[in-house]
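What follows are structure tokens for two forms of the same protein chain, given separately as structure 1 and structure 2.
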Structure 1
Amino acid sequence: MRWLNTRTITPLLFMAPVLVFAIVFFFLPVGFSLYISFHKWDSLSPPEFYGFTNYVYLLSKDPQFYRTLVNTFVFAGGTIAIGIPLALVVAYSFSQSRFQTVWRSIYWLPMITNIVAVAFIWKFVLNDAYGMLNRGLALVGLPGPGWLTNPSLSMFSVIMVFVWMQLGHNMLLVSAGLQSIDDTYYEAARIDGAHSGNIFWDITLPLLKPTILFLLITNFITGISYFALMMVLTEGGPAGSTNVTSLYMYNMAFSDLRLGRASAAAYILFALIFIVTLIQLRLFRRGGVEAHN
């Protein structure tokens, strides 16, 4: 029992709470969901082995699943395409401002607001006939579109609300990135005659690559797995236009009691997230991950 000495046991004992937590709340659920993805299980009766049937059904017989995947990638892509540049602009503007802390606090507020409250407020703002946005457009003689009721516009509206919610979070990360850039680079550039545009494009942006990579990956993963806003704001409608895969899985599991198939959908989604994340890492590898670490 030479291995059973203080040097071996003590670290394990210190790590035990974390290990137990990880086993109970991560490894067991992940393993169990993989197990039931190969079973037919309604959670009320014993699982019945189903082989790859759940995966085959989703990939070959369920057009709704593909539609929700498209919606999911549109949502995740939209939040990144609009949210990250916006966070860059806002954070850069605030870095030049005298009241940075005040601005950051204001922009952080949506992050700590309850999602149900956020959804209800935006429902009022985006209402077709009486919403604040359409009433504002009416004042300048513009038509009032159905922001949440027109299937062609509803996803855009949901993306914009999510971008508004996430802006403070993204902005803070970019601000931290901006503050980590050594001022001597800017001084040297100014001495060499660079104007503010050159400084932003040639110094700030390249040096923010690690932060941008981090934002890209975390925003992508958040966007892919997010559904709370759609659940409260649009319930996936109209016409399924905001029904994302996570919401589809949620209904599949807890409304239809198809927990095996919902788990299979989760693993397909995981595989897609994994592939896209690898691509992102590869694209930003140079000056990205290594620099961030």
Structure 2
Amino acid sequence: MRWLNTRTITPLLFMAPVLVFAIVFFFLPVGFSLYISFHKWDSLSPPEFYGFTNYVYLLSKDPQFYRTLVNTFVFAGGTIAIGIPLALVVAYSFSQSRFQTVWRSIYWLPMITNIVAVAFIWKFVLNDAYGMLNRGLALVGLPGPGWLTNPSLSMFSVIMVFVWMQLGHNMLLVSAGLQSIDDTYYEAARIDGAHSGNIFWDITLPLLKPTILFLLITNFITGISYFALMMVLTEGGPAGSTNVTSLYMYNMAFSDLRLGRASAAAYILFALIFIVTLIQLRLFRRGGVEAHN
């Protein structure tokens, strides 16, 4: 065959390991999970075809599923609302410093630290009785709340820990966006007599829109599919206040052995992520066009 020549075979040989890896560890598991979502399966007996029963049950007969969805969106929304503006302020402040590399390294450390280790450290810091934070509050005569045991505070505590973990990653991306802005914009603005506040709002922020959009989408996807921190810090408690959908799916699959229903929940979550991401892209692009006009 004419197409079987060196120019054709060589690239395929180089791509073969990646393709095999993608097929074995991505496409096959995704396809199998979709198949299982239409079945009742406990991994111990053969799958039993259920049709859309798993989806119908989750969407119409499982109030716990909806509660975890609310918790998931609260967590994802909270991490975005706090984390991205904080990263923007920190990165912009450090961009004026001579020690940018040092600060970036310090804020990057939580990202390369094992999540279990980070969670246990914060669990000690936020403990009601002997936690460092409550002990510090006691020194100044303030009562220490139950950061992880009070249902009204537990989600906020988990959000703040996650924001602390993601700050270095977000800050580096914002820093890269700041460095990509041409200095001539700032020079022209200063010549025209613009103040620092005007320069930030009228030049820096609009030119950072692609970076902010990327952070919005990636932080939302990460937040809506995250559960490791809750699993170690609160185990979904107290009273289910930090039980997000991913953690609910994990327990459904590996504790209750309802793998079909857990797979169906995963695809419902995927559909929600896809829809919200499209909405974000639409709104952000529309805002960008209006701002430009």
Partner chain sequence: MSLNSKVLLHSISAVALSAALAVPAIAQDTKTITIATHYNQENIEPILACYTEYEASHPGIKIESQQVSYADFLQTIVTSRVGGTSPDIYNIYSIWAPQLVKAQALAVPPADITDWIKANYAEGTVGAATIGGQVYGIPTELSVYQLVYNKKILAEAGFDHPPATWAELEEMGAAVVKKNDQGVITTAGFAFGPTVANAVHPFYALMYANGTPPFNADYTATNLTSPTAIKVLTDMVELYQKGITSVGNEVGQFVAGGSAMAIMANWQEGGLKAAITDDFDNTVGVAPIPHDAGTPGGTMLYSFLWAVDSTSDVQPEAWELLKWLNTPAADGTLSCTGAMLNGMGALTGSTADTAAMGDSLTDAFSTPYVEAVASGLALTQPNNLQEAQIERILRTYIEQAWAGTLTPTDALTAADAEIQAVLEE
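Residue positions are counted from 1 along structure 1's sequence. For the two forms, the rigid core is made up of the largest set of C-alpha atoms that agree within 1.5 Å on superposition. All values derive from a computational prediction rather than experimental measurement.
Here, the chain labelled structure 1 is taken from the form predicted in complex with the partner chain.
Once you line up the core between structure 1 and structure 2, the Cα of residue 274 stays within less than 2 Å of where it was. The shift recorded for the CA atom of residue 12 between structure 1 and structure 2 is 2.7 Å, with superposition on the rigid core.
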